[in-house]
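There is one chain below, alone, in structure tokens, taken in the form predicted alone.
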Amino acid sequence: MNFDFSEDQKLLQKTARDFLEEHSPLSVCRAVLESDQPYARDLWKSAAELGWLGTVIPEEFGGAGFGALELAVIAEEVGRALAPIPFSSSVYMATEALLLAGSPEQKQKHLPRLAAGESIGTFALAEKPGQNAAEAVETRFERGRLSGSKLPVPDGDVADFAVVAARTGKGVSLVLADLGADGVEARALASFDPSRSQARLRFENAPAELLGGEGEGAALAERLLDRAAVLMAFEQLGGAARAFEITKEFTLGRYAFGRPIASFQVLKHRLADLWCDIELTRSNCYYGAWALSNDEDELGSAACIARIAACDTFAAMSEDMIQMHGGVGYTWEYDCHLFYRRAKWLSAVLGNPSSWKHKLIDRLRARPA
């Protein structure tokens, strides 16, 4: 069985990498982090013009009409560049939610604007830090009105609408809420990675509409998180691979006692271990991408495996990146902290790795013997 990407998909990935190397060097991420701007607006506009925001959106709704594999290779390059744009929130979550459960009218209203970059979406599930289960939702949706609060919501301060998990008479449901409507308050929260924002959303009798069937929200949220986990794993893989390349070049170019520090056994062996971790994570991501494109039955476990591996690998790589740079690795001027911040942000946004490990165990136990 061949899990590799096709030549066309590899060409798409190379095109994305070349573009981001030119238009989104790490200085762009740093510029957003050090300023008050929540994301790089010019880069977001370019991503829309290149068709990345509408990768999986059908052509009838203004998208490119590609599949999950094409989106996966773009996600890896977005992660590699530490692109400071609300890509994951709008593309992996809001767009995917509409494709999974949206009515024809909802798709026609939102998908063309998402593909064109004219609208930003997000997914609001958690109501307190650490929450990652739809069953704990207390926000209410009754008679077309939404009340409650959500935090942290990734990119909630810049989003135009949110897919919100709310409790209805038949259980948990998903609803669409316009974040510019009366009764909605969005407040930016302090983020560990200021180049990717998060917010608290408050709804006070705000207008909203049902997305999918009433009472189907828990199942839809689980499917949505699984799909987003695979795509975000590719983003984490890209970040880890880029951190490894920068660290390798630094250790090859820095000399101590007349030789590159990369030649010292303790660093040489650690670099080899990290390379193996990244390649194993790549295999897990490829398995997740295959499941996302071909076999819904395998997606549950594949998403957990990809998510756990990607979180652990990016975290380890970003930490060792700082240590292998020595004293300068801890300074603001070097880019190590950019990777460390992004690794921490991505590992928390869909629920921490521990919650995904428990989810994997539960799913494996539920399988037929």
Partner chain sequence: MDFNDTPEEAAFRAEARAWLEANAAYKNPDAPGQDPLGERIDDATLRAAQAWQKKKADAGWACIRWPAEYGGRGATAIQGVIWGQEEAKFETPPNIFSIGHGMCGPTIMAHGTPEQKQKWLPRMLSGEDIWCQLFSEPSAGSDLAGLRMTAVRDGDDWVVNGQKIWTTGAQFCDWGIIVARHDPSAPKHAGLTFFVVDMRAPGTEIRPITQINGGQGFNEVFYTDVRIPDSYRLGEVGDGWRVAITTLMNERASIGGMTGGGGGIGDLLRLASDLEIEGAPAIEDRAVREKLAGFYVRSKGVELTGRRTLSALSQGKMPGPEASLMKLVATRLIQEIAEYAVEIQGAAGATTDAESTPQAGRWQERYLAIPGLRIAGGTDEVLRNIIAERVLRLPPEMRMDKDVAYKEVPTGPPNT
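Positions refer to the first chain, counted from 1. Quick caveat, the model's predicted, so the values are computed rather than measured.
Here the subject shifts to the form predicted together with its partner chain, a form of this protein not shown in this document.
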item	value
Partner-contacting position among 204, 118, 105, 279 - heavy atom within 4.5 Å of its partner chain in the model of the complex	279
In the model of the complex, the one of 56, 309, 338, 317 near its partner chain [non-hydrogen atom within 4.5 angstroms]	309
Candidate site 39, 45 and 136: all three near its partner chain in the model of the complex by heavy atom within 4.5 Å	no
Any non-hydrogen atom of residue 360 within 4.5 angstroms of its partner chain in the model of the complex	yes
Its partner chain contact in the model of the complex: residue 252, any heavy atom under 4.5 Å	yes
Proximity of residue 354 to its partner chain in the model of the complex, heavy atoms at 4.5 Å	yes
Contact label in the model of the complex: residue 273 to its partner chain, heavy atom within 4.5 Å	yes
Its partner chain in the model of the complex: contacting segment from 146-154, 161-169, 79-87, 244-252, heavy atom within 4.5 Å	244-252
